[in-house]
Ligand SMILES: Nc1ncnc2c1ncn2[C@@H]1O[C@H](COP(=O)(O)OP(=O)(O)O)[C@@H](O)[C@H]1O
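Only one chain comes next, encoded as structure tokens, the form predicted on its own.
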């Protein structure tokens, strides 16, 4: 498998406090990987490093350059909050960083995320789930090979969350995008992922990794998923003792 993202020996300090110590994660083409762990173990920090939003660290981050990605941005990011510009419409929020926005591509993304007919709506007219769909479309606008997501469904209700999980899984297959997801939700992690990585301790280190050998679409009631959830919960409980 082709490695699209390689985090190697990542170490991060804030003043005298070490947050991450020797973390290695590789993300392959078409792969969905979830990162879970105890609070304060550095999950979101690691994602910011992978996204190029934090350069004050030791170690290396390898991503495909523009020449290997047809000149497109290799990495897209979806944050916990939608972070929409309140004065911009849905379509303007999706392409707002591009002075020559591709209207046809924006229209396709709006349809893909289930917001057809809302392209001219302002964020205040949207529900929380709709706003996060806009954020997902914005993350896909640059046609990335990798999408990084930091707890993107934590602010919505359980029913909406399940719909958004299925949407992201569908879009990752449709556009052949590798996904690295930070989440606290064990059900979400094992339902979506090919691999689930547990980060724990202070400083944060990888303490366990699960491979989920199930094809898609998946049944949320699958016994193997339940087994993995129980195993992961046991690991996380021990880390908090």
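Residue numbers count along the first chain shown, from 1. Because the structure is predicted, anything quoted here is derived from the model rather than measured.
There is also a form predicted together with the ligand; it is not shown, and the following applies to it.
Contact with the ligand in the predicted bound form, defined as a heavy atom within 4.5 Å, holds for exactly one of 26, 44, 205, 172, namely 44. Of the residues 11, 220, 17, 227, just one reaches the ligand in the predicted bound form with a heavy atom at 4.5 Å or closer; this is 17.
Taking the partner from elsewhere, residue 52 is found to have every heavy atom lying beyond 4.5 Å of the ligand in the predicted bound form. A residue is said to contact a partner when one of its heavy atoms sits within 4.5 Å of a partner heavy atom; residue 39 meets this definition for the ligand in the predicted bound form. Checking 44-52, 172-180, 208-216, 190-198 against the ligand in the predicted bound form, the stretch whose residues place heavy atoms within 4.5 Å of it is 44-52.
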